[in-house]
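Below you will find one chain, with nothing else, as C-alpha cells; this is the form predicted alone, and questions on how it binds or moves follow later.
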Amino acid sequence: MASSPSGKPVLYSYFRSSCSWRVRIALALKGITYDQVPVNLLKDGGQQLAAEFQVVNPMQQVPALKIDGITLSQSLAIIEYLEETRPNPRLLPQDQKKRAQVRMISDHIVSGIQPLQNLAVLQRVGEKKLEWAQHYITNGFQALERILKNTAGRYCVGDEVSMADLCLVPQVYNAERYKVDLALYPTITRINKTLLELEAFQVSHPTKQPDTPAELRA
C-alpha cells in the first residue's frame, strides 16, 4: 500500500464507511484532488485486518489519509488537519462559541452514536444487530434534535457548512439503512436534505465511489 505515484494525497476508504465519507466530503469541499485505495471491510475476512494495512493504520480502521509526508487516521483529526493547512472554505467557524458548538455536535455523533452501530460492533452483537443499531441511533438522535433546535440555521450551526454537517449526513444515511423513523427528527431531516443538495456531499456519496458495488451505484 505505497504512496500514490501521482504525488496526490491517498485516501484509504470504504464506500459505506461513514468515517470515510466525512473525510471525502472535506476533501471535496476544499477542492483537494486525491487517489483512493479501497479497503473492503467485508471481503477476505476484512481487508482492514491485513498486516499490510496495519502498517498504514495500526487501529485497522478506515479512513487513513497519506498527505504532506505523514499518514493520519481518525476522521476528525484528518478534517482538523485539512482545516489548519488548507483553511478555505472554512469548516470551523471563527466565532469561538460556534466553533465549540460544531465540535460538540461532531463529537456527539462520532463518539456518542456512530461507534455503537459500526460494523465491528454489530458483528459482535449478532442476531439483534438491527434492534441494537436502532436503539443507539434513536437515543442519539433524540438528543441531537434538541441540540440542533438551538444551534441550527440553514445547517447544523448557523448558515455555514461546518465539520458538524460532515458528521451529520453520513449518520443520517446509517439511520436510513437501519430503518430508523426519521419523521421524529424534523430538524435533522431538514438539514440533511439541504446538505445533500451540495455538490461535495453528492460526489462523496457512498453510491458514487470507486468501490461501490454495481447494484448500489446511483
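Bear in mind that the values here come from a model prediction, so they are computed numbers and not experimental data. Throughout, we count residues from 1 along the sequence that is shown.
The protein also exists as the form predicted in complex with a small molecule; that form is not presented, and the subsequent description refers to it.
At a distance threshold of 4.5 angstroms between non-hydrogen atoms, residue 118 is in contact with the small molecule in the model of the complex.
The small molecule is not drawn, but in the model of the complex it has no heavy atom within 4.5 Å of residue 209.
Within 4.5 Å of any heavy atom of the small molecule in the model of the complex lies no heavy atom of residue 49. Shown alone here, residue 14 lies within 4.5 Å of the small molecule in the model of the complex, counting heavy atoms only. Here the chain stands by itself, but in the model of the complex one stretch of 41-49, 183-191, 23-31, 160-168, 41-49, has heavy atoms within 4.5 Å of the small molecule.
The partner is absent here, but in the model of the complex a heavy atom of 174, alone among 151, 57, 174, 36, sits within 4.5 Å of the small molecule.
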